[in-house]
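Shown here is one chain on its own, the form predicted on its own, set out as structure tokens.
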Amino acid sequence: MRMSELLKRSGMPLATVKYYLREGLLAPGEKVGATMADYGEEHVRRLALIRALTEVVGLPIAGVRTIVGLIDEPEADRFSTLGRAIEVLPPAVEADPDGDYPRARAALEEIGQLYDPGYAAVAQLERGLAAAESVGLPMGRERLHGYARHIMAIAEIDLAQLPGADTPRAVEYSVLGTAVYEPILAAMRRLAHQDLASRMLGGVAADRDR
């Protein structure tokens, strides 16, 4: 397809596509003339990925470059490649491999979950647990085990659909799946609160059922 068709398919302006080409986020098209190039479905797919990362996820170009780089040149260790890609997603927290995260460590050991101390999510968990404590809502043992049980079930569903041996597709799936579904999970949790509360306390949702 020509550039005009690529712009139509992607819904992006010419200046934006040219910027991605200059930055190396989008591979050049196949030359078919002195001033013309041909583009394929892979270009449409890459632009859709970049749009999702920048507009839906809110990732800066530096983060997009990291993820695109891992897709184009994945590391030999697939586990590490996926981990590095997920770490780029917000909320950005730089983990210290030698750092001490006492709340996160205690919580993960309590639920018997394997983890890498240098993984950014450990620092994110530490920050979240500290914030909960600061407002008088520390994570109790019952809540911790309840959350962990159901979150592990969600993770099992996610990984069951991970693309097979195709590491670049797996990176795309993991990054977009994590970023796009987290707001959905948050919304479904709030809606579940509303449903249960309406049944327990009475309210608009309960009235609508009548």
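All values reported here derive from a predicted model rather than from experimental measurement. Numbering starts at 1 and runs along the sequence shown.
Below, we turn to the form predicted together with another copy of the chain, even though it does not appear here.
Chemist: Would residue 14 sit within 4.5 Å of another copy of the chain in the predicted bound form, counting heavy atoms only?
Modeler: Residue-level check for residue 14: no, no contact with another copy of the chain.
Chemist: Applying a 4.5 Å heavy atom distance criterion, does residue 189 contact another copy of the chain in the predicted bound form?
Modeler: Yes, residue 189 lies within 4.5 Å of another copy of the chain in the predicted bound form.
Chemist: Tell me, yes or no, whether residue 143 is in contact with another copy of the chain in the predicted bound form, where a contact means a heavy atom of each within 4.5 Å.
Modeler: Residue 143 belongs to the contact set for another copy of the chain.
Chemist: Heavy atom to heavy atom, is residue 31 within 4.5 Å of another copy of the chain in the predicted bound form?
Modeler: No, no contact at 4.5 Å.
Chemist: Residues 91, 155 and 158 are flagged as a possible site; in the predicted bound form, is every one of them within 4.5 Å of another copy of the chain by some non-hydrogen atom?
Modeler: Result yes, every residue of the spot touches another copy of the chain.
Chemist: Please determine, with the chain shown alone, which of 62 to 70, 170 to 178, 22 to 30, 36 to 44 has non-hydrogen atoms within 4.5 Å of another copy of the chain in the predicted bound form.
Modeler: Residues of 170 to 178 come within 4.5 Å of the partner.
Chemist: Could you run down 36 to 72 and flag each residue that has a heavy atom within 4.5 Å of another copy of the chain in the predicted bound form?
Modeler: Sequence-ordered list: 52, 56.
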